[in-house]
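As a starting point, one isolated chain is supplied in structure tokens, in the form predicted on its own.
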Amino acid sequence: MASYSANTKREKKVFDTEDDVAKAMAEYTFNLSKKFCKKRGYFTIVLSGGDLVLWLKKLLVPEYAETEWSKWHVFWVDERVVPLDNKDSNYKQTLDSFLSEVPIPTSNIYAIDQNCAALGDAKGAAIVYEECIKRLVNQNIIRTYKSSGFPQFDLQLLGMGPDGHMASLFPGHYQIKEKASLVTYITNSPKLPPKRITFTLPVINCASYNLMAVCGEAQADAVAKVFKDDFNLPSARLTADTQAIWYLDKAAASKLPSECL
């Protein structure tokens, strides 16, 4: 099973500005979309929240007009257990800023269960999302990792918090140790809102490609700890089947040793 101790080397690229990171992320995403659409007829992409959903708008420029949106299947690595029309919903943020601008079939967009979300039922939401993933594996839309049988997404676009969390896997919380479930939940997130669901670490690390995009000086301490292999930070445990790469702006990379730049 892929894990943070796997042989996949953590790579990085440092860019001058946040805008440069966003442009590079768009190019990376487009190239993988083209690759997997040609190879499989599908492209499974997993998103996170925050600034990343705004950076995705870089895909709307004419040079990416050949993107085969109809073949995209969109998932979230984690989600806040709030109603889908709530401003804190990753789904709503992504819909408003990106998904409403592109012709991805609504049937290919896999939001959290709206009933569980409305009720604030984190456990139920995790169970339903896991069932959804398993159903798509059975339909051969999502591949499985060669040795473990865990679902294998084509690309995950991830972000990191100043505390080193990724998805809704937080330092010092037991969810980082979950190895059996595909999706787990948290009801006391240190970052509001408190109820969330999240992919587990084995699922995250089974992805073919993981791109962690981090910008801003507020993340610089955590970035430095990650590249010192401080595995107390969930983000330091990120790997992938083919490539795990970090895109940093100069501010986020500002506390890395000079030999790491």
Ligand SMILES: O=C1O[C@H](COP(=O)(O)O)[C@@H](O)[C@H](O)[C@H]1O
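Quick note: we count residues from 1 along the sequence shown, nothing fancier. Note that the structure is predicted; figures quoted are calculated from it, not measured.
In what follows, reference is made to the form predicted in complex with this ligand, a form of this protein that is not presented.
Note that among 121 to 129, 108 to 116, 77 to 85, 144 to 152, the stretch whose heavy atoms approach this ligand to within 4.5 Å in the predicted complex is 77 to 85. Between this ligand and the residues Q219, T200, T44, T29, the one pair within 4.5 Å by heavy atoms in the predicted complex involves Q219.
This ligand in the predicted complex is not approached by S33, whose heavy atoms all lie more than 4.5 angstroms from it. Interface residue remark: P194 is not counted as part of the site for this ligand in the predicted complex, having no heavy atom within 4.5 Å.
With a 4.5 Å cutoff on heavy atoms, G161 counts as touching this ligand in the predicted complex.
Contact annotation for N90: at least one heavy atom lies within 4.5 Å of this ligand in the predicted complex. The partner is not shown here, but in the predicted complex the stretch 44 to 75 reaches within 4.5 angstroms of this ligand through a heavy atom at S48, G49, G50, D51.
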